[in-house]
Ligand code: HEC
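For reference, the chain that follows is the form predicted on its own, supplied as C-alpha cells.
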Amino acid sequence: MNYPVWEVPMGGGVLMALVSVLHVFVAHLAVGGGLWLVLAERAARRRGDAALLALVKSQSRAFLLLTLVFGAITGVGIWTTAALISPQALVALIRAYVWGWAMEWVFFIVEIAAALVYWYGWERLDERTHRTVGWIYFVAAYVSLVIINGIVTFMLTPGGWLENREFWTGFFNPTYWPSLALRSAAAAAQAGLFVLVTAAFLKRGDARAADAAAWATRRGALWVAAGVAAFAAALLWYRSALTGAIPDWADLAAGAIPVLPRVVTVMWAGAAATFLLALWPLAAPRRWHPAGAVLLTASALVLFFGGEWVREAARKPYTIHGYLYSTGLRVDQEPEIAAAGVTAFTRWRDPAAATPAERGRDLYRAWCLPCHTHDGYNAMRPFLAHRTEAEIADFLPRLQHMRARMPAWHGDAAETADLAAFLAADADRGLAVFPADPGAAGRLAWDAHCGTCHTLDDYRALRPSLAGSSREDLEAMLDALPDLAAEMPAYGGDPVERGHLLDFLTGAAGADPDRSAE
C-alpha cells in the first residue's frame, strides 16, 4: 500500500464493487435460503421422504459454509475496503446510523447462532425444535435485510433527513419500500438458484434420491422464475420512486451519466437470461445439468452486478446523495472551501513538493483519485490525451457541467494551475493519434470534446442545433464556444483534430441520427 493514500490500479470503486457484489449476492441467499431450508424440511418430514430430508441436510451444510464463512469474510472485506477507500463516508454512516448498525449486529449474532444450532441439531433436536430454530434463523436474517436496506437506500435517497437529520426519516426514505421489495424478490431467486446449483452437482444415487433431486429442482426453478418476475415488477416501482426522489433522474436515464443506460440494459439482460434459463429445470428437472447451473449463476451475477451498479452510478457524484461527495467533502463545506481554497482541505500533502506538477499530484490524489484511475476504470490518461495544459486549466472550473455529474472544482488560479500541470504531465499522449478510418477519427474527436458534455440526440442533444449548418458555420461555432454559453470552454484542438471534429459535426448536421456515435 502506498501510504498514506491508497492508489488501487483498477480503481477503488471497482475493488469495492467486486467485494461488495459478491457479499450482497451471498447475503441475499442467506435470507432466502433460510426460508427454503425450513420449508423443504417440513415438506420432507410430512411426506416421510428420507431421501429428500437427506438432500435438505446436505444443502444446509453447503448453506452454512457459504453464508457464514464466505459471507462473513466478504462482509469484513466490505468494511475494510470502505475504510481504506472512503473513510469519511464510513464515519458519516456510523454517526448517522450507529443504532441501526447495532441492531443489525444483534440480529446477525442471532442469525449465526441459529444457523450453527440448525446444522448441529439435525441429529440432536426433535423435529419441532429443529424447525423452530430454522424459523428463528430466517426471521433474524430477514430483519438484518430490513435494517441494512434502510441504510443502503438512505445513501441514494436520504429525503427529508437532509433537513431534519432524524434517524427514522432517513431510514424510511423515498426508495425504502420498493428497494425492500426488490431485495426480497432477489432473496427468493437466490434461494432457488442455490437449490438448482446444489441439485445439479449432487450425485443422484438410487431412484429415491433422483426423485428427491427432481422435486427440489422443479421447486428451485419456480423460486428463481417467480423471484425474477417479482424483481422486474419491483424494479418498475423502484424507478418510479427514484424519479420522484431525484429530480434529474430523467436526465440520468437519458445519458447524463454515460454508463448508466448501458448498465440498465445489462441488468435487464441478466434478468431475462436468468428467467429463461430457469425454464429448463422447471420443464425438465431430471435433465438439469451442471452446465446449466453454471450459466444460471453467471446470469444471476450479471443481474446483481447490474442492479448494484445502477444504484451506485445514480448516486454520483455523492456517497450520500446531497450530503457527502465521493471526495469526502460535505456539501455544506463548499462555501468554506471556495473561500479558503482546496489546499486547506487536502488532507495529505508532501511538504517537499516544489514544482507545480508535484503540488498537483497531491491535489489529484485528494480530489480526483476517489473516482478516477490513471489507466483503469474512469481513466484520466486517455481523457487527457487530446488536451494541452492550458485546455485542462480552462476545463477544470467547469467540471460540474459535464455529463458525468462531477462535483465542482473550487481551486483558485494557482491550485488550478498546479493540478493542470500534473494532469498534463500524466496524460498519455500516445493515445492522441487518430485512427486512419475517417469515421472512427471523427467519433474520437467528438468524444474527446463535445461528447464530454453532450449527446447527439438525447441528453443535451446537439443534433437539433447543428441541423442545416454548413462546415463554415460549424467552424465559426467552434471559434465562439465561450460566447455561446459561459459554461463551455474554448476549443483548443490542433488543426488535425479540428478537421476530424468538423467532419463529424458536418455529418451530424445533415445525416440521419446515428446513436452509436454517442
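Since the structure is predicted, the reported quantities are computational estimates derived from the model, not experimental observations. Numbers for residues come from their place in the sequence shown, where the first is 1.
Separately, the form predicted in complex with the named molecule exists; it is not shown, and the next lines address it.
**Student:** Thinking of 316, 462 and 485 as the candidate spot, does the named molecule come within 4.5 Å of a heavy atom on all of them in the predicted bound form?
**Tutor:** Yes, because 316, 462 and 485 each have a heavy atom that approaches the named molecule to within 4.5 Å in the predicted bound form.
**Student:** Spell out, yes or no, whether the shortest heavy atom distance between residue 24 and the named molecule in the predicted bound form is within 4.5 Å.
**Tutor:** Answer no; every heavy atom of residue 24 is more than 4.5 Å from the named molecule in the predicted bound form.
**Student:** Should residue 219 be counted as a contact of the named molecule in the predicted bound form, where contact means heavy atoms within 4.5 Å?
**Tutor:** Residue-level check for residue 219: no, no contact with the named molecule.
**Student:** If you check in the predicted bound form, is residue 481 within 4.5 Å of the named molecule, heavy atoms only?
**Tutor:** Yes, residue 481 is a contact residue.
**Student:** Can you check whether residue 59 is within 4.5 Å of the named molecule in the predicted bound form, heavy atom basis?
**Tutor:** Flag for residue 59 set to no.
**Student:** So the named molecule isn't shown here. In the predicted bound form, which residue out of 384, 212, 278, 182 has a non-hydrogen atom within 4.5 Å of it?
**Tutor:** Looking at the other structure, the residue within range turns out to be 384.
**Student:** With the named molecule left out of view, which of 398, 443, 374, 361 would have a heavy atom within 4.5 Å of it in the predicted bound form?
**Tutor:** The residue from 398, 443, 374, 361 that makes the contact is 398.
**Student:** Which among 64 to 72, 32 to 40, 46 to 54, 470 to 478 is in contact with the named molecule in the predicted bound form, heavy atoms within 4.5 angstroms?
**Tutor:** Going through the listed ranges, the match is 470 to 478.
**Student:** Does any residue in 163 to 189 get within 4.5 Å of the named molecule in the predicted bound form, counting heavy atoms only, and if so which ones?
**Tutor:** Nothing in the stretch sits within 4.5 Å of the partner.
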